[in-house]
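Below you'll find only one chain, the form predicted alone, shown as structure tokens.
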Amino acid sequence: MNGTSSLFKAYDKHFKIGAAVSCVTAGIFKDILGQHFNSITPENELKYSSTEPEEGQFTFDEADKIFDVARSLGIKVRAHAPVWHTQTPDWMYVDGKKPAAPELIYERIEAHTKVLCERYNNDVYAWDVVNEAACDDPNDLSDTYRDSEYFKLCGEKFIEKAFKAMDKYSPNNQLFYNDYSECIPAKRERIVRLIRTLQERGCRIDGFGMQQHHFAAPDYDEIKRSIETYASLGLRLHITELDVSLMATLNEGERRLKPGDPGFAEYIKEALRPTPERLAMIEDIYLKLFEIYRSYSDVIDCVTTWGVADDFTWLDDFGVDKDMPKVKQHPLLFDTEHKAKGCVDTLIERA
């Protein structure tokens, strides 16, 4: 690769190129970020457990490290997912020894939102306001919403309250709903219902974040159909958490294989010895995905990979039993030595 080649510069006419980083990897990958990316997403550092572990006690040391790197590179931040059913401390859901009333939860969400926005608004261009609130049960096609603690205590109104609070304190930045398995038809229908409900209730929702974690061979037609469906709601689209795991080359189904699933033992056996052919398949999937993203650049404004290079990826530990061998997934555009994979040159050439 030419040392002056740049993904984000090549794709400037199409969309932003983003990467998710932690407070540790933001510094480690600073040079790669500066050369190839023009959007940064904090992986976990803006979630409640990181920023307000106890009610009213805010901690920003970890998030500030990411924002400091972003500022030094002149990159704006895609702020990720304060309201999420995971990584939210228990204090959100209780009032003394009893469950918190919905109005108390709404007050807490608004107070938290106000503090986050006052600190970071000038460095942010978009917020994932609410993350993964749509039901994910393949056997229950009637429910729209995930049965989270938020939902048990408030019903779906917590989503509306989160968006209205963010609109109040971040009026100049884009507001997104973010979710996964977004191209599976049943889940897509739920997400569409969720978004339409927000729109009907007068919430400003500017866009939808298509996570695009690929644990199985992508269905490219469903990806296209999903982009068109979400765009038809009047939304801007971001690809928010893109990675292509080794599983995508070994799993022909729709969903991630888990311990105990038919075929999982065979998957592990194959994944422990990744062949050059399998690794090349990951790169080929990236080329096909970006071809689709480019063809819809009239509605897609940003494509973000969930990580920068293969040596630091959440997939190393995700869904793996403690007694199982660790499987390296090789899911990103840069390898464990921080070198661009061959597909990066091709992506730049095809831009």
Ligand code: GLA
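As the structure is a prediction and not an experimental result, all values here were calculated from the model. Residue numbers here begin at 1 and follow the sequence given.
One more form of this protein should be noted, the form predicted in complex with alpha-D-galactopyranose (GLA), which is absent from this view; the next part is about it.
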query	finding
Listed range touching alpha-D-galactopyranose (GLA), judged in the predicted complex by heavy atoms within 4.5 Å, from 256-264, 272-280, 114-122, 76-84	76-84
Proximity to alpha-D-galactopyranose (GLA) in the predicted complex, single hit among Glu132, Asp206, Asp167, Glu160 (heavy atom within 4.5 Å)	Glu132
Of Gln211, Thr88, Ser226, Ser148, the one that lies within 4.5 Å of alpha-D-galactopyranose (GLA) in the predicted complex (heavy atoms)	Gln211
4.5 angstroms heavy atom contact with alpha-D-galactopyranose (GLA) in the predicted complex for Glu182	no
Residue contact check: Phe60 to alpha-D-galactopyranose (GLA) in the predicted complex, 4.5 Å heavy atom	no
Partner contact for Trp306 in the predicted complex: alpha-D-galactopyranose (GLA), 4.5 angstroms, heavy atom	yes
is_contact(Lys65, alpha-D-galactopyranose (GLA)) in the predicted complex, heavy atom dist at most 4.5 Å	no
Residues within 4.5 Å of alpha-D-galactopyranose (GLA) in the predicted complex, restricted to 156-185 and counted by heavy atom	Asn178
